[in-house]
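Read the single chain below, which is given as structure tokens and is the form predicted alone.
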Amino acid sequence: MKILLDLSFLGTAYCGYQVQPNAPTVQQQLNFAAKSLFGYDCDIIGCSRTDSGVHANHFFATVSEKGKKALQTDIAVEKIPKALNFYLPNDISVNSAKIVDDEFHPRYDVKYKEYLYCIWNSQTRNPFLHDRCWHYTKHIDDIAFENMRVAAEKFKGTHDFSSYMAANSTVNSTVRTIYDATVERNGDAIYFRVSADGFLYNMVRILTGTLISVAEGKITYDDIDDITSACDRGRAGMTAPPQGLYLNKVVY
């Protein structure tokens, strides 16, 4: 059998999800925990690569015995989360586990993903959100917020999103479909939610930076269509910092 894990992690201490030489990663911790529990090396494949400092409310990964499609264990699947959590650090938690088909792939079988970006818009920092949001101190008033909301709506649809991809990135296709993009406010917290069939490198962070450019009046929401069609990274806004970004949902 192959096991699909639903996990959450605080990415502050890690250089992203994927194993890297001489750098702590989430996958490295999962590899250690799985070997400690099952007694052999495992292949752990994640649903996405995340940047350093990026978090996940729901991240999915499959576990199988290394070099095989299946996992050999007598541990009941419902007991695997608690057992793995025993070996994991406190900033990573396995929420649940279930059996999936041996051919299931956690990245290629995704229908869509949703990311959440959190902005703390206040002159004073929130110590409980340290490294968990972008502390943006310039006040975003009601008019600027409404402009952000309208601009986010213009991201929706199937487009070439290379204007919102990190420079010098390489990918087979830069066309993606954004299904929904919303901006919400709760007190001093501003949340940008975006769901799509896939994302380019730094895409959500650049979309967020572009919304901030709208809030600052550097561009207008009417400029968004032209920025998107230009396929020019230089036309879009800054790349927002990683600590405000969360992989929020993955739908198969």
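Numbering starts at 1 and follows the sequence shown. Predicted model, so just to flag it, every value in this text is computed and none were measured.
What follows is about the form predicted in complex with a further copy of the same chain, which we do not show.
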task: Check, residue by residue, if 57, 93 and 128 all come within 4.5 Å of a further copy of the same chain in the predicted bound form, counting heavy atoms only.
output: yes
message: When the contact criterion is heavy atoms within 4.5 Å, does residue 10 count as touching a further copy of the same chain in the predicted bound form?
response: yes
field: Exercise: residue 100 in contact with a further copy of the same chain in the predicted bound form, heavy atom 4.5 Å
entry: no
message: Is it the case that residue 85, even though its partner is missing from this view, gets within 4.5 Å of a further copy of the same chain in the predicted bound form, heavy atoms only?
response: yes
- prompt: Is residue 124 close enough to touch a further copy of the same chain in the predicted bound form, meaning at least one heavy atom pair within 4.5 Å?
  reply: yes
query: Going by heavy atoms within 4.5 Å, which of 153-161, 85-93, 177-185, 109-117 lines up against a further copy of the same chain in the predicted bound form?
result: 85-93
task: Scan 227-252 and write down, in order along the chain, each residue with a heavy atom lying within 4.5 Å of a further copy of the same chain in the predicted bound form.
output: 246
